[in-house]
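Single chain ahead, written as structure tokens, the form predicted alone.
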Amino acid sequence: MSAQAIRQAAIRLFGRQGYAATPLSAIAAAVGIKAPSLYAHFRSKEDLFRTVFDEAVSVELQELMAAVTPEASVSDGLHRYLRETVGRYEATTHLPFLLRSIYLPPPQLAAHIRERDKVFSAELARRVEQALRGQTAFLPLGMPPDEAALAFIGILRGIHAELLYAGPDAAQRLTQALWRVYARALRPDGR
């Protein structure tokens, strides 16, 4: 069995059940192998978790880059990314896993998750700021791109929490409301 199949099973099970409730034997059974065979690919359960967590962070950064492209306005791209975040939560395994890990970290991995989450947030903010700098007409006079990027990250984090604690329907409503405020605040005329 490939390491990729093991990672896919792990991300699904960790995301659904949590770290503590997911024994290596369940991950092994999901891919049709015995638990000791996992050690040919990963040193430990913690190593497997760290690997899939880091991959989930990378996937989410790629999703942002796919939405915020030079071909689309930055406003459209950021709005698309927020809307698609709700859809990815329902349709993928990486985002539920990522959010559960960030908001409900296993104690023994909390330091790793916090450190990687700081890097993830900083990279999100950097990429959003870079997109905003590329389309300065979207920013009102006096609003620096770094502040607009941080505000976007705050909105995204609110949507993440809403997805995790209240579900996709509530998160969709929150996305619509927050986007109206954010987009209006970023327009030079405030309308």
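We number the residues from 1 along the sequence you see. Remember, predicted model here, so these are calculated numbers, not experimental data.
Just so it is clear, the following notes concern the form predicted together with the DNA, a form of the same protein that is not shown.
Although the partner is absent here, T175 lies well away from the DNA in the predicted bound form, with no heavy atom inside 4.5 Å. At a distance threshold of 4.5 angstroms between non-hydrogen atoms, P168 is out of contact with the DNA in the predicted bound form. When the DNA is considered in the predicted bound form, L164 lies well away from it, no heavy atom lying within 4.5 Å.
Using a 4.5 Å cutoff between non-hydrogen atoms, G32 counts as a contact of the DNA in the predicted bound form. Between the DNA and the residues R50, H41, R157, R133, the one pair within 4.5 Å by heavy atoms in the predicted bound form involves H41.
Each of S2, L24 and P36 is positioned with at least one heavy atom within 4.5 Å of the DNA in the predicted bound form.
With the partner omitted here, the stretch from 149 to 157, 125 to 133, 41 to 49, 54 to 62 that lies within 4.5 Å of the DNA by heavy atoms in the predicted bound form is 41 to 49.
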